[in-house]
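Let's start with one chain on its own, the form predicted on its own, as structure tokens.
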Amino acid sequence: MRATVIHGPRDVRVEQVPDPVIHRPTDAVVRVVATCVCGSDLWGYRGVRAPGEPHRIGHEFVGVVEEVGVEVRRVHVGDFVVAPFSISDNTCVHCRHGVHTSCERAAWWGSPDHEGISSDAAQGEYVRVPLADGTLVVTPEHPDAALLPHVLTLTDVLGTGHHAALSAGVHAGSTVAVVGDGAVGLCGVIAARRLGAERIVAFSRHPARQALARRFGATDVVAERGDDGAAAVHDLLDGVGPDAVLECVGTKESMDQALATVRPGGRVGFVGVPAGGPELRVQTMFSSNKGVVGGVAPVRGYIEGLLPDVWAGTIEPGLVFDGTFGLDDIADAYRAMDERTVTKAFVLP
């Protein structure tokens, strides 16, 4: 089968790799119907994190179950499934506490699974899914082409934006600012609106992303950065600052922006994958009672709660996909993401 392999900075290729097979009775094999490129994939692509030896890449996919192991009970051949970006059993103590990314048998697409067998990655034609009953979520039926991009966001960016909003304590009547206008930040706007936020300020300098943020529920857009950006948000919110800030980038500058913007006693929900040396200004947090909560989003625990709104069209997170590519054009998809000519690249195998 064909799959994406990263060889080094700005060097991704589609290559022939072995077809996945059932290794243990809790596995399933899924035919990928749609996948995508994530902003976090760019850290290796750009060389911010050394990509190491050539390896499979990609962690977001939806598809159809082709085969299941003899101990798989919840998932059946022919089901359409959503695969969150981490593998989990959905039964251990950490999963029961809603932290599936800390599952006692957690694993990551493209890396060895909990028993040391190499896992497939998402940007290919088929994927072996360990712990299929715990990892996969079955949809009500097969989505049509119009619904498919929205369903794909459940694998990562929608749940990650939701995690930022929950971590920041967003609730009905909250005032919120969102740092980052990529797919996660835009989904953070959706999450804040869905949770009842009264005022949502999006940081963005990109006209198309500004327009999408407003469509998703942002009441205001601020283009300034640093102290000027914080001041602009404060001016919009009676000089006080927002109750919550969603940090959706993962750099030192984005965390500084979040802490400078949130009001005293407010909370920053951070989900940006750390890169570029993000730091916490502990003295600022101490002196102003500003809290920082968040981390890698346990999206498996959110999928079933978010799926009904996606299925009904109440929210339209798939609008973050503004470029469609075939798997053979995956290098173009990465290049477009890297150059910010698309917000998020949708990939059809």
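All residue numbers refer to positions in the sequence shown, first residue = 1. This is a predicted model, so every value here is computed, not measured.
The form predicted together with a further copy of the same chain is left out here; the points below concern that form.
* Asked: Is a further copy of the same chain close enough to Thr101, Gly265 and Gly295 in the predicted bound form that each of the three has a heavy atom within 4.5 Å of it?
  -> The answer is yes: all three residues contact the partner (heavy atom, 4.5 Å cut-off).
* **Contacting member of Gly272, Gly110, Gly134, Pro143, with respect to a further copy of the same chain in the predicted bound form [4.5 Å, heavy atom]** => By the 4.5 Å heavy-atom cutoff, the listed residue in contact is Gly272.
* Answer option from Val240, Ala211, Val77, Ala223, heavy atom within 4.5 Å of a further copy of the same chain in the predicted bound form -> So the residue touching a further copy of the same chain in the predicted bound form, by this definition, is Val240.
* Asked: Hey, of 282-290, 55-63, 23-31, 312-320, which bit sits against a further copy of the same chain in the predicted bound form at 4.5 Å between non-hydrogen atoms?
  -> Looking at the partner contacts, the answer comes out as 282-290.
* Contact between His94 and a further copy of the same chain in the predicted bound form at 4.5 Å, heavy atoms? -> Contact check for His94: yes, within 4.5 Å of a further copy of the same chain in the predicted bound form.
* Does the 4.5 Å heavy atom contact test between His163 and a further copy of the same chain in the predicted bound form come out positive? -> Because a heavy atom of His163 falls inside 4.5 Å of a further copy of the same chain in the predicted bound form, the answer is yes.
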